[in-house]
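Take a look at this one chain, the form predicted alone, written out in structure tokens.
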């Protein structure tokens, strides 16, 4: 009997969880809790009203940091990608700051914003800004010349050219960049919450570690981070497929 495609990853995860639990039962002295212990830790967070609080806090910071980066970086990247002289002027500055890890900005973020949401939002913004900027610039460079020439031959105005040629041509690559950058935002928020705030899933892991023996909550935080990251990625993939479907219809 052939298993449905959607059931295969679930079965694989179930097998891994079973092996994990068996390994813990055979070595009960290990600090690493098993799946049952982790599930009890998540239930404990839920009963104390901390689960929703921490998840919402992390998503709030990601939404603002990622959203601000989208609003600033994509229009700037499209403009620089279209105007080559502006790109040549900005390129050295972009390449100077791009390799700097967002975590290297933590001391300055705390100095400027204190231990607050603004510090974490700033770090997420920095982590997302340069990938989105370069993605937008690359998307403009990859526009087929035939589209540009057709728009010019039809005498489109600047606004019409942007809405009817530039935007449809770059949006598929932008969606891919947005999906990858959202994963970066989720990584940065966890690291930022371990240092610059007192709530969120990153803070949960550090706080549980400092408690001394709550490794069930440490692993529970890790599981929640992975699960939410997976859901965010699936949501962006769905958006990509929907947009690709409409794009193929419009081309036909």
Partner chain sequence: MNSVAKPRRWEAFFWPAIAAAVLLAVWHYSVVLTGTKIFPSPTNVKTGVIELLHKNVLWADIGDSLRRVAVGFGAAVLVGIPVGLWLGWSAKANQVVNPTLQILRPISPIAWIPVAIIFFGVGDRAAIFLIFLASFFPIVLACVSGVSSVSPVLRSAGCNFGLSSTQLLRRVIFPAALPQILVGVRVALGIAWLVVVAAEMIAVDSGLGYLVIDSRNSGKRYDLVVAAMLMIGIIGLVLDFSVRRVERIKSVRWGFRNAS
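Residue numbers count along the first chain shown, from 1. These numbers were taken from a predicted model, which means no experiment stands behind them. If you superpose the two forms and keep the largest set of C-alpha atoms that fall within 1.5 Å, you have the rigid core.
Although it is not shown, the form predicted together with the partner chain is what the next lines describe.
Picking from 53-61, 193-201, 66-74, 36-44 the stretch near the partner chain in the model of the complex, with a 4.5 Å limit on heavy atoms, gives 193-201. Although the partner is absent from this view, residue 140 contacts the partner chain in the model of the complex, with a non-hydrogen atom inside 4.5 angstroms.
Proximity of residue 129 to the partner chain in the model of the complex falls outside the 4.5 Å heavy atom cutoff. When the partner chain is considered in the model of the complex, residue 110 lines it closely, a heavy atom lying within 4.5 Å. The partner chain is not shown here, and in the model of the complex it never comes within 4.5 Å of any heavy atom of residue 15.
Of the candidates 162, 118, 104, 171, 104 is the one whose heavy atoms come within 4.5 Å of the partner chain in the model of the complex; the others do not. Taking a 4.5 Å heavy atom cutoff to the partner chain in the model of the complex, the contacting residues in 84-102 are 84, 85, 88, 89, 92, 93, 95, 96, 97, 98, 99, 100, 101, 102.
In this overlay on the rigid core, residue 15 has a C-alpha that sits 2 Å or more away from its partner position between the shown form and the other one.
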